[in-house]
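Before any questions on how it binds or moves, here is one chain, the form predicted alone, in structure tokens.
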């Protein structure tokens, strides 16, 4: 073997340069559906995404409620019954109450097949001591979604956002990070990019769905923070 052959072999053995974790896709053309978009969190996310130029369709069990919420939000948001919102969307955010999470997704399995689904539901209980985390049989709300939607690509994100801040039109930026979990890098990066469409917000990869429980559970801690300090706390990840 010549020295030239050896040099070429060494070069081919070198690893390709690592992908820049902030090199995220353009998601501006995606249609985003928000199931549970008539509730505070869903409506807030719909408002912020639509305000940033995203096409948004709010879903609800009753089309009339969805249409009323969409009219209230403005910015071109449309309202539809859940199944229609799911069918017409490229990416679907699940922001329904935990109590109806399983039944809602089970009923929409066909409409959500092939879709990128973003679960932001927090399984919580409340008693005299305040909020506390629940542990679903599957491990987390996101893992329950993945089990119920075998033909969908399930991720988890947008858990730690204040609906009060999201819905306040006087607030220009939402200064917080969004922890994004999922099994496929491309799907996670799509959700990160979507979070980044909202001024002040960053999407941060935070592991696979098996780590979703502690992310969902942290909302109970944030509720305690908010009650003590009369605040609308979010999260910032340092040194990233």
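Residue numbers count along the first chain shown, from 1. Remember, it's a predicted structure, so these values are computed and weren't measured experimentally.
The form predicted together with a small molecule exists for this protein as well; it is not shown, and the discussion that follows is about that form.
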| item | value |
| --- | --- |
| Residue stretch of 129-137, 161-169, 71-79, 143-151 approaching the small molecule in the predicted complex, non-hydrogen atom distance within 4.5 Å | 161-169 |
| is_contact(residue 196, the small molecule) in the predicted complex, heavy atom dist at most 4.5 Å | no |
| Distance check, residue 122 to the small molecule in the predicted complex, heavy atom within 4.5 Å | yes |
| Close approach of residue 40 to the small molecule in the predicted complex, 4.5 Å, heavy atom | yes |
| Close approach of residue 65 to the small molecule in the predicted complex, 4.5 Å, heavy atom | yes |
